[in-house]
Ligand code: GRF
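Listed next as structure tokens is one chain, alone, in the form predicted on its own.
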Amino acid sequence: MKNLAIFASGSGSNAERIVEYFQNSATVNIKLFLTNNPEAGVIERAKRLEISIRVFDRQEFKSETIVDLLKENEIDWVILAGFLWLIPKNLVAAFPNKIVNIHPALLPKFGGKGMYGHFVHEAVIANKETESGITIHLVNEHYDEGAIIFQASFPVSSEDTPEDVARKGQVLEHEHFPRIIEQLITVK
């Protein structure tokens, strides 16, 4: 059995989708949700899904507190599902090549610090891109620079708004993220 911890800063729709995907799995257990946002929607989702949730602050995140919590819970893989903080070196070192993120654009375009959510979608529209998509990648000490595992794209029309781009991207996120996680954790 592989134990997963999911970090989220917002609503938690991807976290919930991952839980749904693995709910009858004999090999994957979603053991813990973690958030840096005490008002995040993922907290209510965790309660409804009966998954332990931990809210933490920046000091705890940068210390060994979160690494220790993950080890105490025998976490094998860390999944970032809309988590906005840069992962500290101690956490990357504790889970080498076992931290996976999803980004709402086709990296390397529109990645890096400050490029999340609507900022990404607005940049796609402002740059008159004809396609966008999602990127699932391993996490290192830098924003959105880890090895790319998977990408999926969709067309962007001249009439699309940032909200349209977000909706199209979320469809791909929910479709592919759980499946790619499953492939990764069964290979390693």
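Residue numbers run from 1 along the displayed sequence. Because the structure is predicted, anything quoted here is derived from the model rather than measured.
There is also a form predicted in complex with the named molecule; it is not shown, and the following applies to it.
Residue in contact with the named molecule in the model of the complex (any heavy atom within 4.5 Å), chosen from 75, 99, 106, 102: 102. Although the partner is absent here, residue 12 is a contact residue: one of its heavy atoms lies within 4.5 angstroms of the named molecule in the model of the complex. Contact check for residue 81: a non-hydrogen atom falls within 4.5 Å of the named molecule in the model of the complex. The partner is not shown here, but in the model of the complex the stretch 148-170 reaches within 4.5 angstroms of the named molecule through a heavy atom at 170 alone.
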